[in-house]
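First, one chain by itself: the form predicted on its own, in structure tokens.
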């Protein structure tokens, strides 16, 4: 088992690496967003159709948009030091409150999709490696390749057509039924029914990646000395595969899973839009359309922190899966 010293080392390194990374992300995103022509006041003025130049100038002064770029950047860092993400011009409320309302739905969608992708991907990869070179391996390889090359939004749309429109088994969007008030277990089951299709659509691409990685790693591991030794001891083949082969094959899979978290967040934007899932991805899209840079900066900042924390957790998982990692750092 991993020692407390190793856990503390990983946590300390993660914090030290995260600070400059987060600062760099904030600065880069801030500068890039302010290169985009127009701001939230222009969008609001266009929507109202009756805003005067004086009114627009007053609104820019109210939200600090009339100051130069570096003053706005310094002010943003001052607010961040006080754990304040600023005010949303479009929604007229604190950005932190907006994110708190949406982040739960996004985390539920991402965690469910990642768990499904890992379970199905590792299972398919294990089956493919077990029957390597046979017809089942070839058939599953074609299926995995189809999921790998098909955009998630198209899979989502086809799932809506099949399971919602044609069969009527699952709802076609939203996070829950709005027409009735549910509590307890019925509410949980209703949320789960609304989660199935978006989670599967988001997981499809990543499931294909993990399946191919698991197959390749297991096929390579079969010829290692420790696998031959385990077979020579008379262990059951299934025990050898799960206890020795799969544990070592999980190392590259978990590494790629951590790297793919950023892409998972990006895919959530599209999936949340297709299924009208009220999460951070949909909020980011609304912020882009409304030039609400404070909201978009908040979404990007929280997303980067989530990815950093998840990668630190992956490092801890590696140290548990492979004790040699701990000895190498000693």
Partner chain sequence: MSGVETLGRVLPVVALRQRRGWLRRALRTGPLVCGSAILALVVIIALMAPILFPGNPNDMVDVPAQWPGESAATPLGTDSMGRDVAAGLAYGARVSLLVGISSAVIGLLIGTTVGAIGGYFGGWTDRILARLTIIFQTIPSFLLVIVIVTIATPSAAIIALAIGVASWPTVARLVRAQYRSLRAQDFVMAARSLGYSAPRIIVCEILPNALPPIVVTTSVMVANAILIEAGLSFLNLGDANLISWGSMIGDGRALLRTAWFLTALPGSAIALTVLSLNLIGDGLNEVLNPRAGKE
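Rigid core (definition): largest C-alpha set, two forms, superposition within 1.5 Å. Positions refer to the first chain, counted from 1. Not measured: the values here are computed from a predicted model.
One more form of this protein should be noted, the form predicted together with its partner chain, which is absent from this view; the next part is about it.
Trainee: Taking its partner chain in the predicted bound form, would 153, 212 and 285 all count as contacting it (heavy atom within 4.5 Å)?
Mentor: Judged in the predicted bound form, 153, 212 and 285 all sit within 4.5 Å of its partner chain.
Trainee: Based on heavy atom distances of at most 4.5 Å to its partner chain in the predicted bound form, which listed stretch, 204-212, 93-101, 76-84, 187-195, is the contact stretch?
Mentor: Selected range: 204-212.
Trainee: 136, 107, 115, 146: which sits within 4.5 Å of its partner chain in the predicted bound form by any heavy atom?
Mentor: If I apply the 4.5 Å criterion carefully, the residue I get is 146.
Trainee: Using heavy atoms and a 4.5 Å limit, would one call residue 157 a contact residue for its partner chain in the predicted bound form?
Mentor: So residue 157 counts as contacting its partner chain.
Trainee: With a cut-off of 4.5 Å between heavy atoms, is residue 165 one of the residues that contacts its partner chain in the predicted bound form?
Mentor: Yes, contact at 4.5 Å.
Trainee: Would you please decide whether residue 251 lies within 4.5 angstroms of its partner chain in the predicted bound form, comparing each non-hydrogen atom pair?
Mentor: Judged by the heavy-atom cut-off of 4.5 Å, residue 251 is well away from its partner chain in the predicted bound form.
Trainee: Given that the partner is absent here, does residue 219 sit within 4.5 Å of its partner chain in the predicted bound form, heavy atoms only?
Mentor: Output for residue 219 is yes: heavy atoms within 4.5 Å of its partner chain.
Trainee: Let me know which residues along 261-296 have a heavy atom within 4.5 Å of its partner chain in the predicted bound form, or say none if there are none.
Mentor: Heavy-atom contacts to its partner chain in the predicted bound form: 262, 263, 265, 266, 269, 270, 273, 274, 284, 285, 288, 291, 293, 296.
Trainee: Rigid core fitted, is the C-alpha displacement of residue 29 between this form and the one not shown 2 Å or more?
Mentor: Shift at residue 29: 2 Å or more after core fit.
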